[in-house]
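Form predicted alone, single chain, as structure tokens, below.
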């Protein structure tokens, strides 16, 4: 399934009981044919990592995919960062949450984990063989913006292409400028 579908299923699950989430996932797995996702007749092979607090609006996810980019991993706080580590059930809520926060995937919103974040992102990019990194910024969300200049320079020095996009709640309807930037980013990586 593409990232747009995945993000929608995950976001729908925020307000769905666990049993309903499981049923939705089983249903999607049964209807999926597990063939490579194609756009314009060619298999997508330019992998990118998405990062930010929230997933991009669906119109932006579709623009990313239509530009020939394949989301091979996400560093989205409300997605991967929130579920990448789950402690063992212990019966002791205190012990569970101490473990959860001590071993939580590094996140700008969990300050004690921020020092490990750059290394974790580099590991994710390397593990997924991503050629690009896209930061999806929420306007006025300062946590994410503190590290982006340093991260962008570090990744560019290592040959990873970086694109930063900033959205406000109403930008889903006006995607023309974003679409152009995404297409140019994709073309840059295909050269």
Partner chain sequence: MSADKKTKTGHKKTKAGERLTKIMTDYYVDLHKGANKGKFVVWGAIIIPAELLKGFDSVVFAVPESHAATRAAKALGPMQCEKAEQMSYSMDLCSYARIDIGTAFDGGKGSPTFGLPKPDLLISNNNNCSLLVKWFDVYHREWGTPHFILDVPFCYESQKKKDLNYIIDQYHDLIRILEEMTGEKLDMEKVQEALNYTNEALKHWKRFISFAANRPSGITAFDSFVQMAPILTMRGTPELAEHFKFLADETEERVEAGIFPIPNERYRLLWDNIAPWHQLRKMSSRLAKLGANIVSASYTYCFGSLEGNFDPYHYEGSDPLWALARMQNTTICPTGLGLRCKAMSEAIERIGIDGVVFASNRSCKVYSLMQMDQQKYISEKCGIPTVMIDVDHADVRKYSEENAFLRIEALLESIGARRAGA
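Numbering follows the first chain given and starts at 1. Just so we're clear, the structure is a prediction, and the values are computed from it rather than from any experiment.
The protein also exists as the form predicted in complex with its partner chain; that form is not presented, and the subsequent description refers to it.
In the predicted bound form, every residue of the candidate spot (150, 153 and 166) has a heavy atom lying within 4.5 Å of its partner chain. Judged by heavy atoms within 4.5 Å of its partner chain in the predicted bound form, the contact stretch among the candidates 138-146, 47-55, 121-129, 23-31 is 138-146. Taking the partner from the other structure, its partner chain in the predicted bound form has no heavy atom within 4.5 Å of any heavy atom of residue 95. Proximity of residue 89 to its partner chain in the predicted bound form: non-hydrogen atoms within 4.5 Å are absent; the residue sits far from the partner.
Residue contact with its partner chain in the predicted bound form: residue 114 places a heavy atom within 4.5 Å of it.
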